[in-house]
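Take a look at this one chain, the form predicted alone, written out in structure tokens.
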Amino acid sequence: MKSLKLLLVLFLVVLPFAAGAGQTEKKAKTIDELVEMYDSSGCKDCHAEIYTQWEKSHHARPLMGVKGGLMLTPLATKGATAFSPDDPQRATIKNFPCFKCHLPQALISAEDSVAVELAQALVAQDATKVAKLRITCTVCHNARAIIHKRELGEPEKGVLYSSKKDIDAHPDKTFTKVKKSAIMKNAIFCGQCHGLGPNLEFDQPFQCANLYGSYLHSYIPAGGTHTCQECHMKKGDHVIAPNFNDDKQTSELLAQAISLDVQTLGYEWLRKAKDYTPKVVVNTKITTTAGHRIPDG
């Protein structure tokens, strides 16, 4: 009985701390507030080349799709999906399951009013407003930099995480330190968003990106050794190719990864006397050296 009482006391003492551990600071009420929270424009001062590369990447336009398309529009349109609200004014963060990967900071730092504003912008096809929402340097190098949170804790406030060494005096007003990440160079870092397949944690499960699942279940068992970063971020390139808005670059990358061998045999089939029917046999063989299935996301 004494042991039980002691456990109960410890539970009540620890509970308030545990409840507060996952809480964040004041949440954004508007898109502009959320943008400001994760603004990384200051990174450009010291990392101009990387910042310019990032601006060309899909991470800089995660809600815009390819060629400027507003890909989340169905989620704001009544009846278009199982998640769509009846009225944009009633939209919530939960109406946008794509935030899990396309805008993860919204799950951490945004109130439902941000979802309402986004839904209204999508219905109005306000590309300028939607384009403000980006996966910035801060998202990858802080908010998503730690996976094993039970062991390592949440990403520290004021700390950026890097694939390189620790820096005790980082010249930035907000992020004053840099710590080496345990996962930044590993495929699992990318796997957080470029996922394993079905998203079964939602009330209405849905199928989405399988890249990381394909990488783990096909490429690695077949003897593959490269990481996502080694193929898509050569020399630290933050465009993280392909940029699907760049047709030439995309075609070149696909040509490097996929080979197509086509063999044909033409002949005439003598079905009956003097009745020749032209025929052709086409054999195709597609070989890929990519670390995952193509296409995927």
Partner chain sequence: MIVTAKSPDGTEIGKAERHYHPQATNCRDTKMKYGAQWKVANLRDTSLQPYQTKADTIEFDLPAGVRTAEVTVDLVYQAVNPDNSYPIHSVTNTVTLDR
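Think of the rigid core as the biggest set of C-alphas that the two forms share within 1.5 Å after superposition. If you're wondering where the values come from, they're calculated on a predicted model, not measured in any experiment. Positions refer to the first chain, counted from 1.
The following text describes the form predicted in complex with the partner chain, which does not appear among the structures shown.
Student: Even though the partner chain is not shown here, does it sit in the predicted bound form so that N186, Q192 and F202 each have a heavy atom within 4.5 Å?
Tutor: No: none of N186, Q192 and F202 comes within 4.5 Å of the partner chain in the predicted bound form.
Student: Would T250 count as touching the partner chain in the predicted bound form under a 4.5 Å heavy atom rule?
Tutor: Yes - in the predicted bound form, heavy atoms of T250 and the partner chain come within 4.5 Å of each other.
Student: Does V262 reach the partner chain in the predicted bound form, with heavy atoms at most 4.5 Å apart?
Tutor: Taking the distances in the predicted bound form, the answer for V262 is yes, it comes within 4.5 Å of the partner chain.
Student: Though only this chain appears here, would F175 touch the partner chain in the predicted bound form if you measure heavy atom gaps against 4.5 Å?
Tutor: No, F175 is distant from the partner.
Student: Is the gap between G236 and the partner chain in the predicted bound form 4.5 Å or less for some heavy atom pair?
Tutor: Flag for G236 set to no.
Student: Just one of 38-46, 227-235, 267-275, 25-33 has heavy atoms within 4.5 Å of the partner chain in the predicted bound form; which?
Tutor: After filtering at 4.5 Å, what remains is 267-275.
Student: If we check the partner chain in the predicted bound form, which of the residues in 259-297 reach within 4.5 angstroms of it by a non-hydrogen atom?
Tutor: Contacting residues: S259, L260, V262, T264, L265, G266, Y267, E268, T277, P278, K279, V280, V281, V282, N283, T284, K285, I286, T287, T288, A290, G291, H292, R293, I294, P295, D296, G297.
Student: Quick one: once the rigid core is lined up, does Q263 have its C-alpha move by 2 Å or more between this form and the one not shown?
Tutor: Where the cores coincide, Q263 still shows a C-alpha shift between this form and the one not shown that is 2 Å or more.
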